[in-house]
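Coming up is one lone chain in structure tokens, specifically the form predicted on its own.
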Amino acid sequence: MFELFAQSAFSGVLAGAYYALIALGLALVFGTMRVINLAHGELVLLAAYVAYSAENKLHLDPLASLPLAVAVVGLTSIAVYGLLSRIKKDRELNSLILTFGLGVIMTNAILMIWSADIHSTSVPWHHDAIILADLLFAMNSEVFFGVAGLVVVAGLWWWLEKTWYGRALRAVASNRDAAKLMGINPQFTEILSFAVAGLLASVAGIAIYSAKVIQPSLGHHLTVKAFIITVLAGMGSVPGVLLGGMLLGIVENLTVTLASSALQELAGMVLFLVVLLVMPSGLFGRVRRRG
């Protein structure tokens, strides 16, 4: 029983690492523009299908397709910003409607271009098994992207804390008008946040294609997971996104192991509602002052 529990928790930690990659892009855009990009999951899925096409047509390893995925998804993400920036009134509500519609359009475009077939990488290395301590089992791609998720989260946290552009992004997220007085261009900062979100979506999409299977309807589920993790973490907490992703991954995998795979999504929603009820600011968010 212990071995089964340990394996399930280990798989949940690995899954949570690339869950965090998905959620970071959503959290970054929300922090900068105070809008929730409901098309973010479709951007992740687009990167996965770019990796599939690069492997199928150009015979590239999914890892080698990262520059191409970054170019395609980054430009698409900036195009989404271009549409969002035209909203002048009731940005929070209208942005939800707009990005939801863009997500539907992207899902159908993916369906038309790549059909409804299920795809996964055919490169043997990604599916080969790795054994740790004669107890824990995983695929090479799961371990690789689990470690990559940790590295990317740490790199993003360092960038936000230590670089000028990272501090500018945080300043715009904290107080847009005050950032203008300090000589920061909010529009450029918002474009930068969407570009970085596209980069994160590209890495996450290739991770999903390498370790899981993809299909056109997956984008919506990825957006929901990203939103759950963002709320679990608390708005503005990069380490919290990583821990929130791992918590969601562990809960989902334990539910599959100890109960049923049919309850996997329900377990995540229950966790989301419990945390939202008990800690409205999230597990790692800051409670806003009043008065």
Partner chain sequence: MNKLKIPAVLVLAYLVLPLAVNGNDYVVSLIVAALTIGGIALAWSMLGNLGGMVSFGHAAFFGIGSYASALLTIKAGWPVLVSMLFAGLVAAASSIATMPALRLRGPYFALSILAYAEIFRIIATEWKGLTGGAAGILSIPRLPEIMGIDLGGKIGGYFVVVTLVIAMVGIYAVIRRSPQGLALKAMHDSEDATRVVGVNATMLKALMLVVSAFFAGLMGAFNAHYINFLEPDYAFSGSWTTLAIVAAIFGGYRTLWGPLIGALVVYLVDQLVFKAILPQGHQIILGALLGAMVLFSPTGLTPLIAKLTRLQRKETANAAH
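Residue numbers count along the first chain shown, from 1. If you're wondering where the values come from, they're calculated on a predicted model, not measured in any experiment.
We do not show the form predicted in complex with the partner chain, though everything after this point is about it.
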| request: Just give me the single entry in 134, 92, 128, 177 that has a non-hydrogen atom within 4.5 angstroms of the partner chain in the predicted bound form. | output: 92
| said: Please identify the residue among 100, 188, 165, 158 with any heavy atom within 4.5 Å of the partner chain in the predicted bound form. | reply: 100
| request: Work out which of the listed stretches, 68-76, 150-158, 194-202, 111-119, brings a heavy atom within 4.5 angstroms of the partner chain in the predicted bound form. | output: 111-119
| Any of the heavy atoms of residue 272 lying within 4.5 Å of the partner chain in the predicted bound form? | yes
| field | 4.5 Å heavy atom contact, residue 36 and the partner chain in the predicted bound form | value | yes
| task | Using a 4.5 Å heavy atom cut-off, state whether residue 49 contacts the partner chain in the predicted bound form. | result | no
| Is residue 58 close to the partner chain in the predicted bound form, meaning a heavy atom pair under 4.5 Å apart or at it? | no
| said: Need the contact residues for 262-278: heavy atom within 4.5 Å of the partner chain in the predicted bound form, sequence order, or none if there are none. | reply: 262, 263, 265, 266, 269, 270, 272, 273, 276, 277, 278
